[in-house]
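Next up: just one chain, as structure tokens, the form predicted on its own.
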């Protein structure tokens, strides 16, 4: 299977408000995909639709080759950790593993118990008495022990301190390497995406602004600085993502597969944060931004 999530005209409406609308997306399998965007872009709605927790109001979504949560087999293909890393406060750690074993036909008890031992969690301790980082790790353990094809993580470390966040991400990446999962990780922390992901999607106002291999995106975006000029005069191969001007100077962020040979420009590379912010900044005067096709 080459595509793990495919959305066509996908939308979700709550009364008169669209939380997600006209979303087009095609994500490759076998990758760790970072999903970023501003608050209200529709990231959580998209992931809840992919997990089968919501039904679309328009369009369609296909996950691991079928409709989300269509049957028991389809449910088993997807592991999901929501933003609040839900656990049952009155149940013990051991109770959670028992629940997971009874609800999931593909449950791997050895994986669950090995992770609990490694984390140093007391099986008798109630989840409600665990720290935020421990609850997040327990929720991740529950998702991984399902042995899913796709792991969906909706800002799972948003409320954790830096040390707990680093430990969570480290253990996540080890599990990904061991189980060869496809992962979609939503995060507003660019450092987490940079550390963990090899594929990037930027979602703004329900629409994919850019998607592709992270290294390739970084390599094909450049910052140009030079004397003030009209960006429309650039070659057609240079797609202008953002532009800013002073009285004498123009600064552009462009995307191109070709070398920039114009000696009037000072050309610099960009980092991931520069890339993400450029596509998220709707106030930037974009001169030419044709529709981007998702890279496969």
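These numbers were taken from a predicted model, which means no experiment stands behind them. Residue numbers count along the first chain shown, from 1.
One more form of this protein, predicted together with adenosine-5'-diphosphate, exists but is not displayed; see below.
- Exactly one of the stretches 44-52, 262-270, 238-246, 223-231 approaches adenosine-5'-diphosphate in the predicted bound form with heavy atoms within 4.5 Å, and it is 44-52.
- Contact annotation: of the candidates 59, 66, 30, 40, the single residue with a non-hydrogen atom within 4.5 angstroms of adenosine-5'-diphosphate in the predicted bound form is 40.
- Although the partner is absent here, residue 19 is a contact residue: one of its heavy atoms lies within 4.5 angstroms of adenosine-5'-diphosphate in the predicted bound form.
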